[in-house]
Ligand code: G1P
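Take a look at this single chain in structure tokens; it is the form predicted alone.
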């Protein structure tokens, strides 16, 4: 049997970003910059570095800026060329040359499961990655690449997971798992069940689902047959629970540092940490921070 390869990456980006109002009143939250690069670009670069050559962004009303960002900007390129700003020209061109990006409109934000289901026609009958742009993961080996290595071996769905201690666990989908023997050491688990946002005392483990998934195409039928939950939303967790009855699924504790940029404090922390890592900004910014009377 031919081995399945992960070549397509889906980015659900139709949410309203209400936590960042008024900044997100007229621009998508996915376009808020971490230092000088929009949040979603970190995710797209991660997907590309992990071997995905087709990017599918699920957008909604008011998300035009995302499409414009990954498109060619002739006027800007000509101006930079005329002014001999070739280093900036290279940066701008590298974004539009990046990759094949396609867009599907999700007319109503009806949940993450619904957004993934919108990708069905474009993805077809092959495995695919789902990346939630809010989770920016800083890692030596891209988080998705680590997961692709697991998928290449197991040929089953793989979810990224992270240990979350204490009360915060109730903000996540939580996994019930059993350990497996594998070359991935104690980082890989087989999933037995998953619970969406349990009370801390009811959580089956301290392993939370993080915004990176590799899913087999069987997930589409599962989502199509999943009843909608509260507010008419179709939850991805419910669809994955159905998938779990049909085939094995694995959880992988990735190596890297996750920043939740969907949260104001997380966004600020990420901005500071990414700025400090920059060759051009790190030293002067560090000096500035030291000088603050905190």
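Everything numeric in this text was worked out from a predicted model, so none of it was measured. For the two forms, the rigid core is made up of the largest set of C-alpha atoms that agree within 1.5 Å on superposition. Numbering follows the first chain given and starts at 1.
Note that the form predicted together with 1-O-phosphono-alpha-D-glucopyranose isn't included here; everything after this is about it.
Q: In the model of the complex, does each residue in the set 28, 63 and 104 place a non-hydrogen atom within 4.5 angstroms of 1-O-phosphono-alpha-D-glucopyranose?
A: Not a single listed residue reaches 1-O-phosphono-alpha-D-glucopyranose in the model of the complex, so no.
Q: Identify which of 202, 190, 108, 196 has a heavy atom within 4.5 Å of 1-O-phosphono-alpha-D-glucopyranose in the model of the complex; exactly one of them does.
A: Answer to the contact question: 196.
Q: Heavy atom within 4.5 Å of 1-O-phosphono-alpha-D-glucopyranose in the model of the complex: which of 156, 118, 123, 209?
A: The residue in contact is 209.
Q: Want to guess which of 123-131, 168-176, 136-144, 219-227 is within 4.5 Å of 1-O-phosphono-alpha-D-glucopyranose in the model of the complex, heavy atoms only?
A: After filtering at 4.5 Å, what remains is 168-176.
Q: Hey, in the model of the complex, is residue 214 touching 1-O-phosphono-alpha-D-glucopyranose, heavy atoms inside 4.5 Å?
A: So residue 214 does not count as contacting 1-O-phosphono-alpha-D-glucopyranose.
Q: Verify the contact flag for residue 41: yes if a non-hydrogen atom of it lies within 4.5 Å of a non-hydrogen atom of 1-O-phosphono-alpha-D-glucopyranose in the model of the complex, no if not.
A: Output for residue 41 is no: heavy atoms all beyond 4.5 Å of 1-O-phosphono-alpha-D-glucopyranose.
Q: Quick one: is residue 59 in contact with 1-O-phosphono-alpha-D-glucopyranose in the model of the complex, heavy atoms, 4.5 Å cut-off?
A: Although 1-O-phosphono-alpha-D-glucopyranose is absent here, residue 59 would stay clear of it in the model of the complex, with no heavy atoms inside 4.5 Å.
Q: Would residue 258 sit within 4.5 Å of 1-O-phosphono-alpha-D-glucopyranose in the model of the complex, counting heavy atoms only?
A: Because a heavy atom of residue 258 falls inside 4.5 Å of 1-O-phosphono-alpha-D-glucopyranose in the model of the complex, the answer is yes.
Q: Fitting the rigid core first, would the Cα of residue 231 be found 2 Å or more away between the shown form and the other one?
A: It does shift by 2 Å or more.
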